[in-house]
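Here we start with a single chain on its own, the form predicted alone, put down as structure tokens.
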């Protein structure tokens, strides 16, 4: 069972601007947490702390009872993210010169997954998210909503233990927004899911919620 534990986290940007204090957050496989707050309220900062993309001034984040993320060498932390995490960024972080298929299969290639099985899962996700028609199209030619759905599918291809999604429905219409949340919650039934959103309807579908005004300092 996957577990995430964050304790006594403290962070502040240089110059005395935004800061946060999180006493304790514990999550395990099958639990979904929505992080709510206004734009600029620190939701993305918290997500970056929980994934080791930012390091706290104090406190620690541990995955599966391992070493604190802040104590891991940079290459080990990158390998851990690649192996165990599915990440959906607000800017999508796609390689625009690669096709949709190539973007989706990239995590599996880095991880040495069996190509046939990885390809079948990628195709299944593309069909679920209504992007299969763009399978051989370069990602750079897609609309914002299509790119967002590619980013979601890519985060799920390798069936990670930890899913971190930053506003994964911001560019989507209501129907496709529902499909994305359905798929994330389905994947979250066997993973730790942390979903950043400003949409109360999306957040309401997560059994647990954290409001940024409760951890800002």
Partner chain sequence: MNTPSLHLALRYVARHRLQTWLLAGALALMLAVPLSLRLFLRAAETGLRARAERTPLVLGARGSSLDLMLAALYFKRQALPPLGMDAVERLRTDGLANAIPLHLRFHAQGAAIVGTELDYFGFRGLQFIDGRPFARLGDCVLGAEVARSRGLKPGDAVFSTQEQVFDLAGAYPLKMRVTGVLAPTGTADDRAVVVDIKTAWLIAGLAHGHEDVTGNAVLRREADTTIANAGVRLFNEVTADNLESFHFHGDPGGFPVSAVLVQPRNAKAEAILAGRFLDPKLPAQLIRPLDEFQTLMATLFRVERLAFAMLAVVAVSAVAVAALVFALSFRLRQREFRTLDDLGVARGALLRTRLLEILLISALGLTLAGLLTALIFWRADAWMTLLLAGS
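Keep in mind it's a predicted model, so treat the numbers as computed, not measured. Positions refer to the first chain, counted from 1.
Note that the form predicted together with its partner chain isn't included here; everything after this is about it.
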**Message:** Is it the case in the predicted bound form that 161, 167 and 177 each bring at least one heavy atom within 4.5 Å of its partner chain?
**Reply:** no
**Prompt:** Is residue 126 one of the residues lying within 4.5 Å of its partner chain in the predicted bound form, judged by heavy atom distances?
**Reply:** no
**Asked** Looking in the predicted bound form, any heavy atom of residue 81 within 4.5 Å of its partner chain?
**Response** yes
**Prompt:** Is there a heavy atom of residue 87 lying 4.5 Å or less from a heavy atom of its partner chain in the predicted bound form?
**Reply:** yes
**Message:** When the contact criterion is heavy atoms within 4.5 Å, does residue 183 count as touching its partner chain in the predicted bound form?
**Reply:** no
**Item:** Within 86 to 103, the residues that have a heavy atom no more than 4.5 Å from its partner chain in the predicted bound form
**Value:** 87, 89, 91, 93, 95, 97, 98, 99, 102
